[in-house]
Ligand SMILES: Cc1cc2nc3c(=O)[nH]c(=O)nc-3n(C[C@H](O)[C@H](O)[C@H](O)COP(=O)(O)OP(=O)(O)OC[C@H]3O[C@@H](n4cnc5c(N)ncnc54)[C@H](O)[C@@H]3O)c2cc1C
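First comes one chain, alone, set out as structure tokens in the form predicted alone.
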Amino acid sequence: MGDLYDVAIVGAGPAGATCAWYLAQHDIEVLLLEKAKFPRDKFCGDAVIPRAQRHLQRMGVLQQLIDAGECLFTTSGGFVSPTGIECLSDSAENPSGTPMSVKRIIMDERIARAAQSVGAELVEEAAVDKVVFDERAGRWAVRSGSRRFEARVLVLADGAQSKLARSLGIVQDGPQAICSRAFVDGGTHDFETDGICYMERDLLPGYAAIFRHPNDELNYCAYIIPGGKAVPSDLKAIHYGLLENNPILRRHLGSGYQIEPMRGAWLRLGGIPKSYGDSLLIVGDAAGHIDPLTGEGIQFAMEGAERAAETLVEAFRVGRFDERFLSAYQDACHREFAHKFPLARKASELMARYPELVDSMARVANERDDEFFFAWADIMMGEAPWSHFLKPKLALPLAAASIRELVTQRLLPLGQRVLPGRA
């Protein structure tokens, strides 16, 4: 017989630890299992947008990061379009807030310690080998080596590979996307802004990005997202190829920068068909809570974790843990954010097919005032719904610019090739 808890959470990343924090606020006995020992790294772009910052603020983590000088708010930057149009702005005045950069090796431990401080029991170096549900007893047995734990409810936050969810048959396939990461030493580069995305034509709907950290260190990353030409096996070639061949990225970094070897991580995008079962919930990367267009996942991991905690608090109140009752969790996630994923997937496919759309966004943003740039940025960050693209202020200039780009880049070159032949 192992120790008995109300909820056992496997994985102490932002999803698992945030869920533990919200549960512990309601005096639910939570076990938080982490396979590594903190501080431990996670390969990521390290960008945390305002919606995720709000959870950090509630936990007291945001102020800790600020006081310790461990984060940097990205108030300057933008993106470079496929044809090299640089769309840069100072976003310090954006009323919706700005992203911030913070290393995951720092932030993840801060969140886990916050959960621990409010009553969750954190066990590190506890890689879970097997989970088994005893239907008669109504509890899970969780095994980590020679240790055994028991819990009324199991929450899987074990990452994009989600080996446990796959072993239970809840998740059927592997992750579809992948990202790289490499830190550039502070003081060795010429990068002048806080963050830039590079929308390389052959990488779309994926992209490369650079984000600055407080010590002038840079996070250089590349995302391969389904829908375009690039596939996960291209990651290494793309990561290093952009550094060598993209003229704008080379100019931004300068010639003397020092960069570490590439690391990579898998991404599960756009949700999974079923993220619940009897006495079971799946959250974060394991549940595919990552935007299919941007690869952003931290905000959805934390929002999904809060929805999971709310569902479980109600489950303990009424004493129901069957999958029909717990399906309310997936419904809540759909209302909150997952309803955007199908549209984001369509947008990513459209972007890969028509890179000119990205060029048109850059041209219009450069021609218009900061208010237009902020409106576009808020949609991309999830602060505003995708439907705002249909508002006349955005839709009309974007449509006109898109037509111009399509004519200039596709139809006009075609005509130039045909006319001489006729002559």
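Note that the coordinates shown come from a computational prediction; the quantities given were computed from them, not determined experimentally. Residue numbers run from 1 along the displayed sequence.
Not on display, but discussed next: the form predicted together with the ligand.
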Which is the contacting stretch out of 350-358, 41-49, 58-66, 22-30, given heavy atoms within 4.5 Å of the ligand in the predicted complex? 41-49
Ok, Ala126, Leu72, Val153, Val171: which has a heavy atom sitting within 4.5 Å of the ligand in the predicted complex? Ala126
Of Arg104, Arg307, Arg139, Arg110, which one comes within 4.5 Å of the ligand in the predicted complex, counting heavy atoms only? Arg104
Is every one of Val184, Asp194 and Ile210 in contact with the ligand in the predicted complex, taking contact as a heavy atom within 4.5 Å? no
Ser180 near the ligand in the predicted complex, any heavy atom under 4.5 Å? yes
At 4.5 Å between heavy atoms, is Trp266 in contact with the ligand in the predicted complex? yes
With a cut-off of 4.5 Å between heavy atoms, is Gly295 one of the residues that contacts the ligand in the predicted complex? yes
Applying a 4.5 Å heavy atom distance criterion, does Leu203 contact the ligand in the predicted complex? no
Could you pull out the residues of 143-179 that have any heavy atom within 4.5 Å of the ligand in the predicted complex? Ala157, Asp158, Gly159, Leu164, Cys179
